[in-house]
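To begin, one chain is listed below as structure tokens, in the form predicted alone.
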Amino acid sequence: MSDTLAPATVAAARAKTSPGKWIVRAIVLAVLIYAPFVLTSRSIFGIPLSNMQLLNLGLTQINLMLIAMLGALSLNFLTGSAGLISIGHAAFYATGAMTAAIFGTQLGWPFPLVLVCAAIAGALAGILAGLPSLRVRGLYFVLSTLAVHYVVVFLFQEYQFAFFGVVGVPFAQPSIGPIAIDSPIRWYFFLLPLVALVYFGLRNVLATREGRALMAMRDHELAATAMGADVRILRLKAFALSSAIAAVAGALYAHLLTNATSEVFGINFAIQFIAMIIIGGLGSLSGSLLGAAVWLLLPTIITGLTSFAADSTGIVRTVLVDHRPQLVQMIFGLIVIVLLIFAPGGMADLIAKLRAALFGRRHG
């Protein structure tokens, strides 16, 4: 009897809470739609806002964050969900940027088709980068992804010098049909649905049979093999999907910058994505979004807070003004260290624990 009543009870509880969830989602959607206009006009409902009230943020920074979210999502899918550690993620960004330069800048293909070509090129590069995973494991595989990084960056450098010289590769203004993506607001409304599409797409992939097999492979490869999963094919598929998303992000990143050089995709660029998924939470797609937001926006917010000391003198000015970049990096580093110490599972795990604590208090 209890077995038949339990599902009905759960369904009834979900039905009761669903209106509240829809209200929250509607509010979040409204904020996301209105936010770019606030950042552009520097006002809310006609009321002017100071730079401090806007946390020193601009719409271009938000757009860079959205592109970083694509990279963090793709790497967390590969590392957090499939268990394949890679430090060569910048290589796929560079692959996408180089593909966009060939088909967009040189051949003049339409922007949507350029993104498709970037995804295909990224998937092929990902399969090649994933081939060593069929034979080597652990540190040796990590080193193979580092080798892929340097090979791709070298190819990008040779391509740049052969066709464009030291000034870098120029990227034309993108457009979708008659609509030119020529302003930060248009970039925002193009990138935001794309991030949502990738996020929910990866969630659906992980909910499929192959997605569950990926996570089983991450947790225990022998057990996954014993259950009939072909872990070799799964690794290559994970690399292909992850690198395709990263390559699209690379093409978008290059177009947003309007000019890119091989130095843009250095090893530090790759390491920042590892930091994002660790801060956000390994294996958590929503954590990828949080980690990218913290990594991209927190230094800017801290810089804005230190601007209060612009008119100060003495040691306060020395620390907060003359050495502001170093102070920002130190504060940012300390926040990340504290976060990892007290929330090793990342921000997603921390938020889950806070929700559980609040839920327990309400029903305790």
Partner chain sequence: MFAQVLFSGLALGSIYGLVALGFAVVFKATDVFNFAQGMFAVCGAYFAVTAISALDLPFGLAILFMIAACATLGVLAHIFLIQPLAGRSMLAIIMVTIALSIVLRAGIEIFYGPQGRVLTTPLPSGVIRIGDLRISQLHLIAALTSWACMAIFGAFFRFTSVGLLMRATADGHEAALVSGVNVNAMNRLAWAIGAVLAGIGGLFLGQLQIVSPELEAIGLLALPAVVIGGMQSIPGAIIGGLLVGLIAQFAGSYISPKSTDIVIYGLLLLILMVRPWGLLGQRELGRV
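Remember, it's a predicted structure, so these values are computed and weren't measured experimentally. Residue numbers count along the first chain shown, from 1.
Although not depicted, the form predicted together with the partner chain is the subject of the following passage.
Note on the partner interface in the predicted bound form: the residue among Val151, Leu124, Met215, Leu236 having a heavy atom within 4.5 angstroms of the partner chain is Val151.
Val142 is the sole member of Val142, Val116, Leu206, Ile181 with a non-hydrogen atom lying within 4.5 angstroms of the partner chain in the predicted bound form. In the predicted bound form, the partner chain sits within 4.5 Å of a heavy atom of Thr79. Residue contact with the partner chain in the predicted bound form: Gly177 places no heavy atom within 4.5 Å of it.
When the partner chain is considered in the predicted bound form, Ala275 lines it closely, a heavy atom lying within 4.5 Å.
Interface residue remark: Ile85 is counted as part of the site for the partner chain in the predicted bound form, having a heavy atom within 4.5 Å.
Segments offered: 98 to 106, 237 to 245, 206 to 214, 155 to 163. Contacting the partner chain in the predicted bound form at heavy atom distances within 4.5 Å is 155 to 163.
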